[in-house]
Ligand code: NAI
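Here's a solo chain for you in structure tokens, the form predicted alone.
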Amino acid sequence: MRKTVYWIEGDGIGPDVWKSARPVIDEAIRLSYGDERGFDWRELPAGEKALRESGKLLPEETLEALRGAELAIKGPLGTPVGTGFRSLNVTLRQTLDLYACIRPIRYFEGIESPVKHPERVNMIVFRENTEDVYAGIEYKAGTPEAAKLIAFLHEELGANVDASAAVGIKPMTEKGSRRLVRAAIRHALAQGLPSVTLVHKGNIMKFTEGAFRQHGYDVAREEFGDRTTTEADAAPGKLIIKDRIADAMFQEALIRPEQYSVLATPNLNGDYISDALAAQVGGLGLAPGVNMSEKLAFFEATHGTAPSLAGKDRANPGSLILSGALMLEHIGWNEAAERIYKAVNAAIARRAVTEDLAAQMAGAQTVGCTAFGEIIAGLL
């Protein structure tokens, strides 16, 4: 059995982490299944590499291939802050309707964390991926578009917005909220997990994030009523649906992380909380992720491009390697996935790690990106 996997190298440290990660994934498959299974890798251009070759950051042929794909994986793609093109990551998510960003976050023994009990963190974040402020509907201060929108808000709706403001729109739909929570509940039930927590700021944004909370409870009651319960009416053997205000959830993640297994969040909240949780267990270098539609599972390194490290063999390939393990789990190749998880644990136990991890481990030896990948491959 062979699976086609489309891959995008990525910008900055993308080439570095990719050339370290792919051999680990292939070797885990070979050791688990011999010649019976394997990946057929097909590269797609995107980002700076595509711009150099074709003059386009995201060529149409790349999008066309992904529209018909089942599996894809990519390194980090660059996003300028405050200027230039909008995020390619967001464009891919919206164009391909990759509505669920799924980030499993757990501790790897041996990493020295800034918190006392990182081993208590074992959560999966389901982040809505296409709506909220990430829809990109915003207008620069002082532009005719901003002035027109501010005038409409003032004259037609009675909203008091400063005429000098930049303005943005936060669209959130019932459909988008319900399908995200539905995916989170299905996963929790399939894995036998105890709870799904809706993370929102509905106390302030009542008709967007407050509605997200209500849609979450509604979909649980209407579609999974025989298998779910609320926190107030907790019943033995049923999945508990609960909710937390976003700022309170950050405190809960620090002092009571063991009480949470699956988090379902709007877009911005999920961005914040998934990175904060990753910091508790060692950083983004060991944080895998996947963006999913109903058809395509697009796995990715969850860190940035780190241009200052590009080409210097100093980056951590762990996020991309673990995203590969997540992809193997997704298609049911669990033996190969488990090999990777065990090898990463064993590599960290040897205390020969990349500089980002070595900075958190007393007495650790710093190795390069290539060497760390080779260490993990040798421990599969």
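Computed from a predicted structure; not experimentally measured. All residue numbers are counted from 1 along the displayed sequence.
This protein has a second form, the form predicted together with this ligand, left out of what is shown; the following refers to that one.
Among heavy atoms of residue 144, none comes within 4.5 Å of this ligand in the predicted complex. Residue contact with this ligand in the predicted complex: residue 208 places no heavy atom within 4.5 Å of it.
Put simply, residue 9 is far from this ligand in the predicted complex: not one heavy atom of it is within 4.5 Å. Remark: residue 303 counts among the residues lining this ligand in the predicted complex, judged by a heavy atom distance of 4.5 Å or less. Picking from 273 to 281, 158 to 166, 221 to 229, 306 to 314 the stretch near this ligand in the predicted complex, with a 4.5 Å limit on heavy atoms, gives 306 to 314. Contact annotation: of the candidates 202, 104, 78, 176, the single residue with a non-hydrogen atom within 4.5 angstroms of this ligand in the predicted complex is 78.
Residue 356 is the sole member of 331 to 358 found to place a heavy atom within 4.5 Å of this ligand in the predicted complex.
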